[in-house]
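Just one chain follows, in the form predicted alone, and it is written as structure tokens.
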Amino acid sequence: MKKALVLSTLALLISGNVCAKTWLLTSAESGVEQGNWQVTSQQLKIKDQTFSIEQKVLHGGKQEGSKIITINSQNGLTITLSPTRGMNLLRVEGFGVRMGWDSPVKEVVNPAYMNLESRNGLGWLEGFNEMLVRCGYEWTGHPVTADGQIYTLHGKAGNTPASQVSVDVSEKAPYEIRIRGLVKESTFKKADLQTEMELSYIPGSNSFTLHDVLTNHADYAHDYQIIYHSNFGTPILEEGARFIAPVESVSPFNDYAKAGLKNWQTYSGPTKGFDEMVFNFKPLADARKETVAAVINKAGNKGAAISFNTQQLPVLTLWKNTDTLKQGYVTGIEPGTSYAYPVTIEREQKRVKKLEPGQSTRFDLTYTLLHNASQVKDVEKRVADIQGNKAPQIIDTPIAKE
């Protein structure tokens, strides 16, 4: 009977004074697996917005069994995420622009076909093609062997299928859509970190918000780290594109990045033989600890902006990978609790956070697809207002050595 109610999609949630219809698509605990599924605004008898939400189960190659959920808003964004890959966002498109990039990895790789310890801990790269991947939460950063284990590249959350997935649609305008997922990092004798992830989107708008709550369900305190690895390629990224953010300081991640320190705000076109350059920032924020970082095209009429809170995410990483289009022409804007150094270095430099038993922490980020010059100027003004008269401090040497 319980499963029948779920499949009939008649459950109601009350959130404040807002009623929402809810569909449970996956529940490992209850044995619910919806498979292919769809709901439309027409089915919901909504007349002043046109949208659909669809889940598909993929087949073939290493994506066999992977699931994707797509929100398609006729006058707004098309957002595609994968519950199989830790609720990662694959791509976001709308208004003639996209957030995302072209990776040599074309399939939505099922984690069942991944070995994170391969390639000396770089196996994570064999599935990397997302617009947004959560790097963490038990650890993140470059791989290292320590404490009798291999800390693989960027942790496990992004390659962990969600144990529970649900969809909410508010019954009243503006018909907010919420996609929720629960990702568990539970290991005997090690950790029991669980993250409730939520994407909220109002149909017709050019932005969406992530609300993540990380909880330590163990009886012992445990470390955590997170980097929101947000990736952008063409048409935003191009020769002459710019990165903007209010920053207190900037430093090269390693010696190779020193050569690009003078031009950290601008991008080259696709360049064969270009190795990745990474820069570490300490971001500035307004009185509410809110800040923004963005990449904008040369003409200043397209871009992608990320707003976040520096109390939740105190550091910012810029990843420049302006290699050839076929190899992966991409830049990453990465708010986080840590830089991308191995967890051993982040511990030494006291950036690794800790949750006490039963304690939770949250992360809120808003992504905006900029599709005209006015929107770009608004973000530029916000950056300038936060930066004020304080010039960024340029630190010539890396803050750590791997």
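What you see is a predicted model; the values in this text were computed from it and never measured. Note that residue numbering follows the sequence shown and begins at 1.
Absent from the display: the form predicted in complex with another copy of the chain. The rest refers to it.
Annotation: in the predicted bound form, residues Glu238, Ser268 and Glu348 none come within 4.5 Å of another copy of the chain through any heavy atom.
Only one listed stretch (333 to 341, 38 to 46, 56 to 64, 364 to 372) carries heavy atoms within 4.5 Å of another copy of the chain in the predicted bound form, and that stretch is 56 to 64. Looking at Trp101, you'd find a heavy atom of it within 4.5 angstroms of another copy of the chain in the predicted bound form.
Contact annotation for Asn110: at least one heavy atom lies within 4.5 Å of another copy of the chain in the predicted bound form. Mapping the unseen interface onto this chain, Tyr220 counts among the residues with a heavy atom inside 4.5 Å of another copy of the chain in the predicted bound form.
Mapping the unseen interface onto this chain, Leu90 falls outside it, with no heavy atom inside 4.5 Å of another copy of the chain in the predicted bound form.
Among Pro143, Gly94, Pro314, Gly328, the residue placing a heavy atom within 4.5 Å of another copy of the chain in the predicted bound form is Gly328. Checking His211, Lys298, Lys184, Lys258 for any heavy atom within 4.5 Å of another copy of the chain in the predicted bound form turns up a single hit: Lys184.
Along 113 to 137, residues Tyr113, Asn115, Glu117, Ser118, Arg119, Asn120, Leu122, Leu125, Glu126, Phe128 each place a heavy atom within 4.5 Å of another copy of the chain in the predicted bound form.
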